[in-house]
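The form predicted on its own is given below as one chain in structure tokens.
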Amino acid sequence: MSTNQRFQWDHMTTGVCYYPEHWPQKQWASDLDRMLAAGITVVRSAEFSWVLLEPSEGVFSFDLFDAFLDLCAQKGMQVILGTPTATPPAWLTEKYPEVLNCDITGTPYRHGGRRHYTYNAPVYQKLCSRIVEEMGKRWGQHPAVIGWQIDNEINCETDVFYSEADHAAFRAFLQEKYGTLDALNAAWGTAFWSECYTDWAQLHCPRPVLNGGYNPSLLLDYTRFISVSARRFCKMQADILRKYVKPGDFITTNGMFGHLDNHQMAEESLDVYTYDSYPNMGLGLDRHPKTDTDLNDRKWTRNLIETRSVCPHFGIMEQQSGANGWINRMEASAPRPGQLTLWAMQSVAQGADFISFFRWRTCTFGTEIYWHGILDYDGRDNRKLAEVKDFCRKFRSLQPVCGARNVAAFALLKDYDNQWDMDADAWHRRVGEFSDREIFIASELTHTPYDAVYLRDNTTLEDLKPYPVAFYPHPVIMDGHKMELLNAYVAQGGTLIVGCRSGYKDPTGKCVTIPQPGLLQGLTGTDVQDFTFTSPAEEDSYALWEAGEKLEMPIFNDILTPLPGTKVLARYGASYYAGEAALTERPFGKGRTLHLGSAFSRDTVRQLLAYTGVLEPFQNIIDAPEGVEVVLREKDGQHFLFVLNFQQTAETITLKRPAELLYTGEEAEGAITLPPFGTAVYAL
């Protein structure tokens, strides 16, 4: 996939988040010694420390971090420094209230939390630039510093902005994009509900409207604007830091969050991308894991696959090490023995070569007193520290895996326009979120891994060629560039699979007037003249393959009319359209397109993977139950098999060829029992 990743770890590296301002200075040395003894060689610090560095406007104080960084250099501990712009000081927000983000009514978020600012206030940009400049000048050449994290979790807490600065910046964004109000009115279809704009001053970010009936084209452009604003804020800081960083040091940020083109941000501003992984958020205490259908903590793999699409060899800046929670929200059980390692290896399996645990010590004050770290409040050695030590040993044994690529059986195609359209469009969201989740679950349960591939302006055919099959579940918005890419992919031999609600909007968010599936019709060879949500008053929607096998057709049904040359694979079995085409196949060049007239259930995905010949690609290597995750990474012709037991019971796998257990160097073959939450990594 297209990437210009400029930094890559050359050895498996373990870190931890540590905040020297939270602990007595006399304790720092013993903490660092204990980290190093455990196998931790990197700390991340300073991302929330603005008021310590600039206690009053224009007055800087570096003594605390000078002392800490010098101690780290003395001990041989490496440091990633965070720019502190996620938490502006009270003096700043009191003097310059225009920096505060607002809710949709225009009410400001006040000091006392985090991320309560807007990217677009000019004075905030100026003050952020200054603190980043001062930090870069002070510590850019420090021997302990190896990397810089920009801000913290960009677009976390909220990914919508409604301050006066945002309204002004949104107008400027629209003027630059459209040039004239006539062009904007045409693009947005403002003839509806008398929305036509006659002066740029009439344009605003979304404001309260009755029943939330916003113009969908406005919402789509507003989300694009938020992404541009966040990216510019990140790039402003990256450009400053590049003047000061040592050769070999990296610039990163930790994510990933909504309303943000993370791929473009990484290309513009970052050397490597990092993610914060908290799988226990999938196990809220108000839900019973035995009855959940979303794979609980295992579902975090889906986020890691997304991260890998941005940066193939990424890092984890915050890896869960304890129960998480704030005083006002979120509750979680403590990791059971083995789960800390399981979750960290889950990240490694998907491409992480750097794991930094959050955090070394659980904070005894503030909002996150329940966001537990490796050590608890008393700081004593405990089972979590023992497990971290064991993980570090195992992680070092995986050095041959460092830099290996993930092996995928198929691609899940995505694009930001359609992701953002789902945020605004309830019809799109209903099918899109369901299909994305079910495709992931089918992939996991059948051990048929995929790559997420985002179709962007710089995506080429070479990015798609490695995948014999590509799902593009519901590309509601379609444009000429994507069509050229899809045509080329199918023509050279690829199998494209699309679902219902495809191709009926243009990039402005307006519906097209050509027959559905719009621009895709040349590939699908289908005509959609009738469509409907499935009715709760009728029996479950289904179709029958030619051989009589039942095919689930959930949520929404496009009634397909095959054009000449298109084969019908399955027909609806219920409702007024029983007997009509539900699944078709259209040859195109050396490839083919399958058009499914519904959303994708896990069982339907399993059937389609089997039909296209990519189901269970590792079945000649391993037999594993559904509750065990199986991942394959490859480097220089060597394959590495990750086997992760997400069950709280022992599970048996069968290796069908001799392999080396990298943790110990032992040879393994045949039936092997993994303990509850157990992991293994084999060299094949």
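Just count from 1 along the sequence shown to find any residue number. Just so you know, these numbers come straight off a predicted model, no measurement behind them.
Keep in mind that the form predicted together with a small molecule is not shown, yet the notes after this line are about it.
Considering the small molecule in the model of the complex, the lone stretch of 499 to 507, 148 to 156, 560 to 568, 245 to 253 in range is 148 to 156 [heavy atom distance within 4.5 Å]. Although the partner is absent here, Y377 is not a contact residue: none of its heavy atoms lies within 4.5 angstroms of the small molecule in the model of the complex. By the criterion of a heavy atom within 4.5 Å, Y278 is counted among the residues contacting the small molecule in the model of the complex. Among residues of the shown chain, E164 is not one whose heavy atoms approach the small molecule to within 4.5 Å in the model of the complex.
Contact between W193 and the small molecule in the model of the complex is not found at the 4.5 Å heavy atom cutoff. When you look in the model of the complex, the only residue of Y450, F556, W371, F233 with a non-hydrogen atom within 4.5 Å of the small molecule is W371.
Taking a 4.5 Å heavy atom cutoff to the small molecule in the model of the complex, the contact residue among E444, E318, D221, D261 is E318.
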